[in-house]
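Quick heads-up: it's one chain on its own, the form predicted on its own, in structure tokens.
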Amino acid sequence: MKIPYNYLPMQFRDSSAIFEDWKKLIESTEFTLGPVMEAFEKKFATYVNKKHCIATNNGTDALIIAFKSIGLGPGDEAITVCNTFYATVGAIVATGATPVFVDADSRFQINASKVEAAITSRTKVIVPVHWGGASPDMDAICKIAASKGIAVIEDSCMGIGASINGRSPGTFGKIGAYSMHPLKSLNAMGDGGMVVTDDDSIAEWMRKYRNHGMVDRNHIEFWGVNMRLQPLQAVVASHGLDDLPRVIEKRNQNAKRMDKGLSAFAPKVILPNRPEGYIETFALYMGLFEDRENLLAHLVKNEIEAKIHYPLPLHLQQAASSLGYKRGSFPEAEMQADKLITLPIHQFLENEHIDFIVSKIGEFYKF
């Protein structure tokens, strides 16, 4: 039984509704900004219950524009977790600021109890990551930030469709950044992203910055760049947003079944705690597995397309060598990097697929 990680061929097998809306867009020739993209921005802002949504070319741009909107730059520090995708830290570095890492907790999230110790006089922002589509302890992080007068900008790139006691990732801090990369819970046919905020002045600045700093066709207020989402992608994302509740529900059903099956293999398999009131997107279904490399080979041999996210934490990457960290700086994240496997859990899997994955892992551990 072949179980793919990539579900895009199944998701876009019938794209006739998207093509119909693309045809309308092409006839309108509104290819830059325009009513289609504005409609999507309003739709997404309503979905996450925020006042403003500004669509960008991708999730990395969403992070960069969020950081720049609060003036993050040279001499500033931004606290984030060391087990995240490169874009989180690359966006910090792109502003000229210095990333400061803290360790992960047992749920693969930023360890809220370690954030305060990382704060210095140069700290300007805390950047919690909703890693894998799960969420860290946002209440604790926001409480620390408020007590120190520090901004919170959320990397919610994997968090679209998740919730913390009914509240969306990206809505706890000053700004939330999202990605619509093809393998995110809400995806485009290419790249896409957006930021959300309730701050009117920040929203106005971001709308101008992502469009060259333009006030109108003939005037610019300041030097900006082109970070605009393409309306063609806004059409795709709008259709995806309509289907997102079903997608999240199915992924959570699959994850619950996988959790139940794999829990029988403890302590060779360790799964993260799923706190009550937290709904995940399961952009990544991760666990810690004994004898990881041999198990991974066993899964691949049985046509189960498993992955590792990621085998080397950011503080040990060559790009981070100037930051002064070393092996042992963040032991929890390092241990996780040595044992993590990401299993397919997407909405196109049925019970028999989940049971097959569980059976092959049980077979490997001789359960």
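The structure displayed is predicted, hence computed values, not measured ones. We number the residues from 1 along the sequence you see.
Form predicted together with a small molecule: not shown, discussed below.
K.L.:
Looking at 167-175, 87-95, 111-119, 203-211, which lies within 4.5 angstroms of the small molecule in the model of the complex, counting heavy atoms?
P.N.:
That would be stretch 87-95.
K.L.:
With the small molecule left out of view, which of W131, F101, Y285, F289 would have a heavy atom within 4.5 Å of it in the model of the complex?
P.N.:
After the contact test, the surviving option is W131.
K.L.:
Does any part of H181 reach within 4.5 Å of the small molecule in the model of the complex? Heavy atoms only, please.
P.N.:
So H181 counts as contacting the small molecule.
K.L.:
Considering non-hydrogen atoms and a 4.5 Å limit, does the small molecule approach C157 in the model of the complex?
P.N.:
Result yes; C157 sits at the interface with the small molecule in the model of the complex.
K.L.:
Using 4.5 Å between non-hydrogen atoms, is L63 touching the small molecule in the model of the complex?
P.N.:
Judged by the heavy-atom cut-off of 4.5 Å, L63 is in contact with the small molecule in the model of the complex.
K.L.:
With heavy atoms only and a cut-off of 4.5 Å, decide whether G192 touches the small molecule in the model of the complex.
P.N.:
Yes, G192 sits close enough to the small molecule in the model of the complex that at least one of its heavy atoms falls within 4.5 Å.
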